[in-house]
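Just the one chain here, laid out as structure tokens, in the form predicted on its own.
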């Protein structure tokens, strides 16, 4: 394999960042050669998510090296390590299948630091004879790591999660919500257009449009604003951060609208919570929390979402029935 990216590689990287295409963006597991590696060349381990593989091979430009690709089901190293697909058994399997002991003279495997949670280095050595070296967090630091005698600086150990890093992840937060938005829009339009005589388009549009705008604002605040400004929004809870961002945007938009009392109250209840729920999904993409923290947030947040969503719907139904002089 070449260490140079083609236009197709760049386009694939973009597509994998903005759509579910990433779940099919994979390379075959196995052993790959970069440059002209020999028996003394290093072996670097990575996932079969193609963007991970491409990032590693790009970082090896000018080097002769082997890349051992594990079958992680098209999932990146960090997530796959947490799920168990980038793990001890898979690493042992690929080392044995590639007959690595016959290809290289040394007994050294360089595994990404972010894969450490899934790999038992001692078990790998006992099963294969190869010693696992946990390399730097970022592939771009691999050449410096190798030149330093396989020693990491403090900078190489540090996981950064900058605003740019978070911004890059937002398309994958926005897309799932936008896919559900048409259903939300349909329900809102039907609800506001529903009359004893049938569904009136004029009423549906006049009554539903404010809710459609508020829905888009909830997606924007929960899937974009909250991730990008994550460290700057008060409180540790992602749910609370998302609620704060959602309340700010809901309040700003509500000032431009003139809604009846019950729909207004329903909006102030539902849309900040929608933003909160969307923001809570970002926990799986960040370095800011762990599995126990996510479980704790879900345990508290889910009942709140269900109860207050039901309350907001009841308020809208009550307002509709009052318009029909039923109550």
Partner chain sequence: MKYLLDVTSLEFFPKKCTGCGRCVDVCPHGVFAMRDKRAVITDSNLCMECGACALNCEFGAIKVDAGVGCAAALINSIITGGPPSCDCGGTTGSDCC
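Just so you know, these numbers come straight off a predicted model, no measurement behind them. Residue numbers count along the first chain shown, from 1.
Just so you know, the form predicted in complex with the partner chain exists too; it's not on screen, but the next bit is about it.
For a quick test of understanding: in the predicted bound form, does each of 199, 243 and 316 have a heavy atom within 4.5 Å of the partner chain?
No, because 199, 243 and 316 lack any heavy atom that approaches the partner chain to within 4.5 Å in the predicted bound form.
Is there a non-hydrogen atom of residue 94 within 4.5 angstroms of a non-hydrogen atom of the partner chain in the predicted bound form?
The answer is no: residue 94 has no heavy atom within 4.5 Å of the partner chain.
Any of the heavy atoms of residue 146 lying within 4.5 Å of the partner chain in the predicted bound form?
Residue 146 lies outside the contact set for the partner chain.
Using a 4.5 Å heavy atom cut-off, state whether residue 281 contacts the partner chain in the predicted bound form.
Residue 281: contacts the partner chain in the predicted bound form.
Distance check, residue 78 to the partner chain in the predicted bound form, heavy atom within 4.5 Å:
Output for residue 78 is yes: heavy atoms within 4.5 Å of the partner chain.
Which residue, 259, 298, 265, 31, is the contact with the partner chain in the predicted bound form, using a 4.5 Å heavy atom cutoff?
Of the listed residues, the single hit is 298.
Since exactly one of 104, 217, 142, 119 fits, which has a heavy atom within 4.5 Å of the partner chain in the predicted bound form?
Selected residue: 119.
Interface stretch in the predicted bound form with the partner chain - options 184-192, 227-235, 206-214, 246-254, non-hydrogen atom within 4.5 Å
Stretch with heavy atoms near the partner: 227-235.
Let me know which residues along 155-175 have a heavy atom within 4.5 Å of the partner chain in the predicted bound form, or say none if there are none.
157, 158, 159, 161, 166, 172, in sequence order.
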